[in-house]
Ligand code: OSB
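There is one chain below, alone, in structure tokens, taken in the form predicted alone.
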Amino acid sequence: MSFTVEQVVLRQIKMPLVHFFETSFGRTYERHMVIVEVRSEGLSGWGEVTAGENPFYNEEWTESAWRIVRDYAAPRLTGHRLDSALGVNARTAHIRGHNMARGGLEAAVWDLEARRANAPLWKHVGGGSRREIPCGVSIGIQDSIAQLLDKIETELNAGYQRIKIKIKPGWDIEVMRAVRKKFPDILLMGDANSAYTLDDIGRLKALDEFNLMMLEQPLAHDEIIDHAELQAALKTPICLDECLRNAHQAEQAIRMKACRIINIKLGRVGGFGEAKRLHDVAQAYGIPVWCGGMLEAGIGRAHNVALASMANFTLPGDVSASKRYWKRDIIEPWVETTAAGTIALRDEPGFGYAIDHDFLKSIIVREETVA
């Protein structure tokens, strides 16, 4: 079932968030995203580059992703015949880094291939271990603890099964204490986005008293060894995110006992092919995984739903309803959660939703075609 990639269409869009989202490296009020459309034989597959507007989460950002896909990755696909979507990585692997740019393109090809097979994406990538995926939410740093507590209550009332709050030095111990006092029994975790060092072991050990599910990426974005030292000092499980770019690094971290849980993000690892390999490595070692989010619009959100239906995604991820982030999404219908805090898989071909072309056209900043 080989096919030739005829065109790659890039669209940069701008979407304002319903509410600002703050992490340890700043606030985001709107998202500039690169949407990738891959065309072949009258069909289109869609992907989303999950890089942020600035090179703060990792080295990628919107502008770099645009240039990498346009000038390097897409030209290596157009006009070439692929035996499967797994062939995308082989054609782009010599591009050093830039996993999010390459991953957005690869995801579009997986979507195209699923549509060619008239199959839902979740089935095509090997998911479907559950027909509804459990959902949690990620809540950014707020202006006050009272504001944070109100937001948590709103999300719990909406049915979400797990609460993740962003933390940083000075917005951590007292914040967690207040949350635990009001919500003693919820599934709760903290995400540091690399805001700490080993000099902060005492502060991080203080978080052990709050019975957290996990502490996500407390140390540097490229650090594994120090996480092993920190994990040995903590009762709280460490979850690694930014520092794991592929399955090999994940296995190294597991063998070093640097973590007990792993977050898998499609963009961070370069797409479905490597995400599946990382999933399988973690499963073989008995390490649970969950699907992280990058403030995706509907296309990326739907891809995350497909990924999170694989067997070892046993913990609630960051995949939540479209309306938490957007006044209007670029897909129809929007991604919705059930009263039980789950998202149901859809059986339509590809990622399972229709593109809202009118809205998409209205928010395009620029568009280019590579053929």
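Since we're looking at a predicted model, the values are computed, not measured. Residue positions are given as counts along the sequence shown, with the first one as 1.
Keep in mind that the form predicted in complex with this ligand is missing from the display, and what follows is about it.
By the criterion of a heavy atom within 4.5 Å, Glu274 is excluded from the residues contacting this ligand in the predicted complex. Although the partner is absent here, Phe25 is a contact residue: one of its heavy atoms lies within 4.5 angstroms of this ligand in the predicted complex. Within this chain, Tyr325 lines the site of this ligand in the predicted complex, having a heavy atom no more than 4.5 Å away.
Taking the partner from the other structure, this ligand in the predicted complex has a heavy atom within 4.5 Å of a heavy atom of Lys164.
When you look in the predicted complex, the only residue of Pro134, Pro120, Gly293, Gly127 with a non-hydrogen atom within 4.5 Å of this ligand is Gly293. Of the candidate stretches 221-229, 176-184, 294-302, 253-261, only 294-302 has residues with heavy atoms within 4.5 Å of this ligand in the predicted complex. In the predicted complex, no residue of the candidate spot (Glu48, Trp110 and Tyr353) has a heavy atom lying within 4.5 Å of this ligand.
Along 127-152, a single residue, Ser138, places a heavy atom within 4.5 Å of this ligand in the predicted complex.
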